[in-house]
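Read the single chain below, which is given as structure tokens and is the form predicted alone.
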Amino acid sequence: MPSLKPARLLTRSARDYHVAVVGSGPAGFYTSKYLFKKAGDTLKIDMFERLPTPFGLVRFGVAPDHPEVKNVINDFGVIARMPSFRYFGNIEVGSQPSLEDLRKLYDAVVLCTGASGERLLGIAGEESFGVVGAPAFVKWYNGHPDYQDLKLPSTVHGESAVVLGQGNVALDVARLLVRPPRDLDATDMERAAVNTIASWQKSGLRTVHIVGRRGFVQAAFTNAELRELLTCSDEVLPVVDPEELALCRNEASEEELSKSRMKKRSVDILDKTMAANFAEMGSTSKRILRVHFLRSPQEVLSEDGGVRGIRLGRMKLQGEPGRQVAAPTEEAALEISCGLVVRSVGFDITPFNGLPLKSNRVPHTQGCVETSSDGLGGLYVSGWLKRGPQGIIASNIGDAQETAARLWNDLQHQSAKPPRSSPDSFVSSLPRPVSFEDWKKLEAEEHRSGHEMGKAAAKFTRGCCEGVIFKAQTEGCCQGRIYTRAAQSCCGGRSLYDSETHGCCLENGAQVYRYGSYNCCRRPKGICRIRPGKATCCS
């Protein structure tokens, strides 16, 4: 990673500046990175995160079968270990402390809290049980603690699920619904989610429909995501109706296509492979991923409050190249029998107390919402909160550079009046914050536990601990350093957890735990060899 020292020497200010960054996703870490590049050791940054764990959508939004995308966490770790940076997890800014509280304490506050809301369809039946938003669904299978009790149907009616939307998130959801559960379980995907998908497939889920209102030229997915539908599993057949592809290619779309090298490449994927597969739909034993273009949801069909199907109207494209919109036609609607509808039509910004909104967007100039005045530090935004919910992780880099440059320039031109009270005294009074060092211990335990389960990692999904370690799948915290997974009590600081029982095994030379059994093994004078899954203790 390149040096974070400023590119040129700066005249040292009368005092160090202190900035608060709220949110620990890509926008928060990239903004911190470029602030340090501008200011060097004249700046201190305190980062606040509502959850105990950092990294936002990298942890809770990236598809579990895309581990390479999460490698950016390594770069963020370099920022977090800088001496002028502090991380405070488990602190919800907006309630206690308030945004105004932070602005009184810090020279500037940067909000990087993303867009946790979502857009709705506004159609009949949308409230039916079995209709779920992609933001919630993605966080559920990624182990977000707020979504582990997400209500979902136990079986999928009609052997089908429907994903509405054709962005990368929609394709992620569709792909994970048809991939073999054994592949998913090897990732860091929450095991309960893997088991739910396995249950749906076992009870008959065979086809997942991916529905878009416009044509493939206008679709938001990338070629990499589209191509992955072809390669995700030998047990999956991706298809598209060739007649529907032809409908997408009106004169305006052909002009758009001629100017986009990326979209030209998508023609090969769709036409030469997925359209060629279409004839096999009736005879294949594989699970099917079917992509629909020029279809718009008209109504979710329900029975006794639960999803039983969806009605999709035929659309046509109208307008100038680059500005085409989908308009309804008189063609008969298509009805699909299904038991799960995942709505993936976009995230949205949720109101934040103290942050101005106009048409559900934050008004700003180069990331600056309000400059410093009347004893309050300046207010800035970065990431989705700044530009709206769009783009990939790397899209946050340009955002962060602009916001950091504007913030540092403002600091250089404002009076260096000390804050009313010290941020140090404030953070020392925070109730049960989680430090980045605490997080690294937790991360190591997730990896260790995951390895034991045959997974890349086993995420902690319930609450936070007053000490260091979460108590997984329970309602309380462990006071020591060892968590008791799937048990109702904590292990003492000198004990090990027994992963299959409801008690702890001593580590002090008397006993060790026996993996896969219902009691602990007595430890002899020599080294005990633990035999996983065996019914006898080591001798």
Partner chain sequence: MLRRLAPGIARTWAPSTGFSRPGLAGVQFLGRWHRSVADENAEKISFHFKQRDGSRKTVTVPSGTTVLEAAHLNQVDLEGACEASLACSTCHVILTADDYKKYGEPTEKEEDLLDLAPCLTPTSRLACQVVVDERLKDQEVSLPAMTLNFYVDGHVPTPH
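Numbering follows the first chain given and starts at 1. Given the structure is predicted, the values throughout are model-derived calculations rather than measurements.
Missing here is the form predicted in complex with the partner chain; even so, the following discussion is about that form.
*Asks:* I'd like to know if residue 322 sits close to the partner chain in the predicted bound form, meaning any non-hydrogen atom pair within 4.5 angstroms.
*Replies:* No, no contact at 4.5 Å.
*Asks:* Residue 48: heavy atom within 4.5 Å of the partner chain in the predicted bound form?
*Replies:* No.
*Asks:* Though only this chain appears here, would residue 334 touch the partner chain in the predicted bound form if you measure heavy atom gaps against 4.5 Å?
*Replies:* Answer no; every heavy atom of residue 334 is more than 4.5 Å from the partner chain in the predicted bound form.
*Asks:* Just checking whether residue 316 would be counted as a contact of the partner chain in the predicted bound form - the rule being heavy atoms within 4.5 angstroms.
*Replies:* Contact with the partner chain, no.
*Asks:* Given the stretches 176-184, 342-350, 222-230, 113-121, which is the single one in contact with the partner chain in the predicted bound form, using a heavy atom cutoff of 4.5 Å?
*Replies:* Within 4.5 Å of the partner lies stretch 222-230.
*Asks:* Answer with one of 96, 74, 373, 429: the residue that has a non-hydrogen atom within 4.5 Å of the partner chain in the predicted bound form.
*Replies:* Contact residue from the list: 74.
*Asks:* Considering 203, 298, 395, 412, which brings a non-hydrogen atom within 4.5 Å of the partner chain in the predicted bound form?
*Replies:* So the residue touching the partner chain in the predicted bound form, by this definition, is 395.
*Asks:* Does anything in 150-169 come within 4.5 Å of the partner chain in the predicted bound form by heavy atoms, and if so which residues, in order?
*Replies:* Read in sequence order, no residue approaches the partner chain (within 4.5 Å, in the predicted bound form).
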